[in-house]
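One chain follows as C-alpha cells, the form predicted on its own.
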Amino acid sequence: MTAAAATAKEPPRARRPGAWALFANNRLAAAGLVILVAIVLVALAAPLLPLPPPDITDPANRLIRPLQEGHLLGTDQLGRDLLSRLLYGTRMSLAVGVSATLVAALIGSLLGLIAGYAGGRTDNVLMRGIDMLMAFPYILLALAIVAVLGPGLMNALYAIAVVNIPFFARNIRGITLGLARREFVDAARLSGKSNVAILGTEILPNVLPTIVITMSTTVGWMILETAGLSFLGLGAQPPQADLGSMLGEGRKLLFNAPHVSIIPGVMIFAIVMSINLVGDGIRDLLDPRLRSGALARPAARTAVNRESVADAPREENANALLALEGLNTRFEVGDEIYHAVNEVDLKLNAEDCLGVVGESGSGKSVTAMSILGLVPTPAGRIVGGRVNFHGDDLLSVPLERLRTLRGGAIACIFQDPLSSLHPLFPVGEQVAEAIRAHQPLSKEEVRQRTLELLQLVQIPNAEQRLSAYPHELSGGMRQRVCIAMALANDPEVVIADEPTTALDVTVQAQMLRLLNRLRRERNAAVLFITHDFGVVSEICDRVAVMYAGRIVETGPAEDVIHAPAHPYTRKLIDCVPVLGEQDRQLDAIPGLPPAVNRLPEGCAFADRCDRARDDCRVGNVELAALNKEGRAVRCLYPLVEGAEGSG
C-alpha cells in the first residue's frame, strides 16, 4: 500500500476550537469587542472624515441641538462641532489610557518579578516602597503628583501610571513568590542558568497571562481616572479636547443644553464597559480549564440529551440497588466528539463490591461520575442509557432530588484526598459540613457524630484531630477523613474512585480492609474503580473490565482472575507482580489504547491483541454471555470456551 493510499484512508482530524471561536462563544465579550473596535476605527479615521477642526469656534452657532444639518451631534457653548471634538477627544483618551497602562504594567510587573524572585531584603525594600504608595488614596496621590508637575495631559498620564504601579507589583509578586519555589525553577538553577535567564524564560512565561489579563481589566480604569483629572481641569488644557475635559465643560450646561455633557459621558461609558467585557473574555480564554469547548461555568449537573428513554428498568435489573443500562457519555470539544463511555451495563446489589478495572483513559471515572451527573458540562454530556437507583432514573430526576442523593444515599471517595479536602478548614468542620447538609442535627449532635465517624475510620486521637488541617495529616489520615465524609450519612452506595492509588502499600492494605469491613457492617454497596487487579482480588466480589469506554469482560472476581476470557484482561493480570515469583516476567501491553474520538471499527483492542483475526476488525463485537453463570466477554475468540457465537 502506498503512503498516499494510506493517507487517503485515514479519517480527517477534527479541528479543536481556536482562540477566536472560544472568544466568540462568550457573547458579552464578543459584543464588547465589536463596540470597542467600532469606536477605535471611527476615532482613528477622524482626520479622514469630512469634519470641521475640533478647536474652531463659531459663537453664532453655539448650543445647536443634535441631529441638525451640518452638526450631527450639535455644538457646544463656543459653537465647536461636538462630533468632531468627540472623535478627537476619544483618540486622546484612548492613547493616554493605553499608554498609562503600558507604563504601569512594565514598571509594576518588573518590580513584582524582582521582589518575588529575590525575596529577603530586596523583597522587603521594594514591597515597603509599594506599601507607602498604597497608603495614600490613589486619586489623592494622583492629584498631588499633578499639582507638583503642573496641569497637562502628559503629567496626568504620569500620575495615573504611578498610582497604578502597586496594583501590578503586588499581583505579580504574589504569583512569582509561589513560582520561585517550584521544582522546575530549581531544575533551571541546577542547569546553570543565571537569575536573569530564569526570570525571562521560566518565571515570565508563567506570569505573562496574568499581566495581560490585569492590563485588559485596568485600561478602563486608566481612561476613567484620566477623564476625572481632565474633568477637574488638571488634564487636557483648552483648547485641546479629551472626553474628561468635554464632560467638565458641559457640566454648567446640564439643564439648558444637556447634550454637551451627555454625549462625552455616553462615550466614556461605552469605552469602559466594552473594555471590561473584552477583559473578561480574555481572562476566560487564558484559563485552560475553560478551553473545553465553551466559555461557560460548569452546569450543576451533566447535560442529558437522549434520543429515547425506556419507561422502566430492564427486567433483570428490576431488583438491583443501582444499575447502569446502555450508558453513553461523550465530550464535545469543537468539532471533535470523544466517546468516553459506550453502552456500559453495570449492576450493583446491596453489600456488593464491584470492581471496575482498566488502563488510564478507559472510561472508568467518567462512568462513575455520570451516575450522579458530575461530568462537567460544557463539553461532557450523556447521550443515552439509564441510571437506575431504587427504580428511579437518576438522569431524569429533578436537580433538587439529585442533590439530596449526592453525599446522602450515594457517596464518593476520590483519588487525591489533599485536593478533595479544603485546605483552609479543619477536617472536623468538613466532616460536620457533610452531616449538616443532609441531617437536621444540633451543633453538639453534629460534633458527636463527627467524632464517632473519625473513630470509626480508626483515626488515632480523633478528638484532637477535629481541629487539624489537611496539611497536618499524612496521606493515609487524609484518605480516612474522606472515607468518614463518605460514610457520614450512611450511604447505600459508595463510589470509590481509585482511593488507594496515591498511598503506600501498607496504608493501602489498611484502607482496603477498612472499606471491606465498613461496607459489610453498613450493608452498603461499593463501586470500586482501580487499575490494579491485586486490589480487585483483595476486596471485590465481581469485576468489570473496561477498555476504550466499553465493558470487555465481566463476572465474579475470582473466576475472572483465575480464568480470564478476554486477552486484554489476561494481559492486565500478567502485569501484576506476585510475591515469591521473582523470575516472573512482567510484560507491558504493546501499543497504546485508541483515541476515543477515532475509535476503530470492530474490536478496539485488535491492534494490540496477538489473537486478533481479520473478522475482529469489522462490524460490532457484542458482549456475549459465557456458559458459566455471571460471566460475559466482548471477544470473538475468548481465552475461555463457551461464549455464544465465539469462534
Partner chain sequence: MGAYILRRLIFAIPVLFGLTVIVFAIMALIPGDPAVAILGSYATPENVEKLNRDLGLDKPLVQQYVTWVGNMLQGDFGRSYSLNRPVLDEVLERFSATLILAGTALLLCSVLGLIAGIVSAVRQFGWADRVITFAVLIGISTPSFWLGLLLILLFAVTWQLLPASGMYAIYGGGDLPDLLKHLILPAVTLAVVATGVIARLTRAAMLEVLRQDYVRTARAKGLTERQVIYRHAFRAALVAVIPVIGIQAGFVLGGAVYIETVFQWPGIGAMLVKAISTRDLLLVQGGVLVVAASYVLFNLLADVAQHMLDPRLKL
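Quick caveat, the model's predicted, so the values are computed rather than measured. Think of the rigid core as the biggest set of C-alphas that the two forms share within 1.5 Å after superposition. Residue numbers count along the first chain shown, from 1.
Heads up, the form predicted together with the partner chain isn't pictured, but that's what we're talking about next.
Trainee: Look at the stretches 315-323, 83-91, 338-346, 134-142 and give the one with heavy atoms within 4.5 Å of the partner chain in the predicted complex.
Mentor: Heavy-atom contact with the partner occurs in 134-142.
Trainee: Counting only non-hydrogen atoms and a 4.5 Å threshold, tell me whether Val272, Ser419 and Gln430 all contact the partner chain in the predicted complex.
Mentor: Heavy-atom distance to the partner chain in the predicted complex: all three under 4.5 Å.
Trainee: Considering Leu224, Leu72, Leu466, Val98, which brings a non-hydrogen atom within 4.5 Å of the partner chain in the predicted complex?
Mentor: Checking each option against the partner chain in the predicted complex, the one that comes within 4.5 Å is Leu224.
Trainee: Exactly one residue in Cys412, Val162, Ala105, Leu487 has a non-hydrogen atom within 4.5 Å of the partner chain in the predicted complex; which is it?
Mentor: Selected residue: Cys412.
Trainee: Would Pro440 count as a contact of the partner chain in the predicted complex, using a 4.5 angstroms cut-off between non-hydrogen atoms?
Mentor: Outside the cut-off, so no.
Trainee: Answer for Val125 alone: is it within 4.5 Å of the partner chain in the predicted complex, judged on heavy atom distances?
Mentor: No, no contact at 4.5 Å.
Trainee: If you check in the predicted complex, is Tyr158 within 4.5 Å of the partner chain, heavy atoms only?
Mentor: Tyr158: no contact with the partner chain in the predicted complex.
Trainee: Is Arg522 close enough to the partner chain in the predicted complex to count, meaning some heavy atom within 4.5 Å?
Mentor: No, Arg522 sits far enough from the partner chain in the predicted complex that none of its heavy atoms falls within 4.5 Å.
Trainee: Going through 249-265 from first to last, which residues have a non-hydrogen atom within 4.5 Å of the partner chain in the predicted complex?
Mentor: Residues within 4.5 Å: Arg251, Leu254, Phe255, Pro258, Ser261, Ile262, Gly265.
Trainee: His562: CA shift of at least 2 Å between the shown form and the other one after core fit?
Mentor: The answer is no; the displacement is under 2 Å.
Trainee: When you overlay the rigid core, is the Cα of Ser261 off by 2 Å or more between the shown form and the other one?
Mentor: Ser261 C-alpha, core-superposed: shift of 2 Å or more.
Trainee: Taking the rigid core as reference, does Ala432 move its C-alpha 2 Å or further between the shown form and the other one?
Mentor: Comparing the forms between the shown form and the other one, which are aligned on their rigid core, Ala432 does not shift its C-alpha by 2 Å or more.
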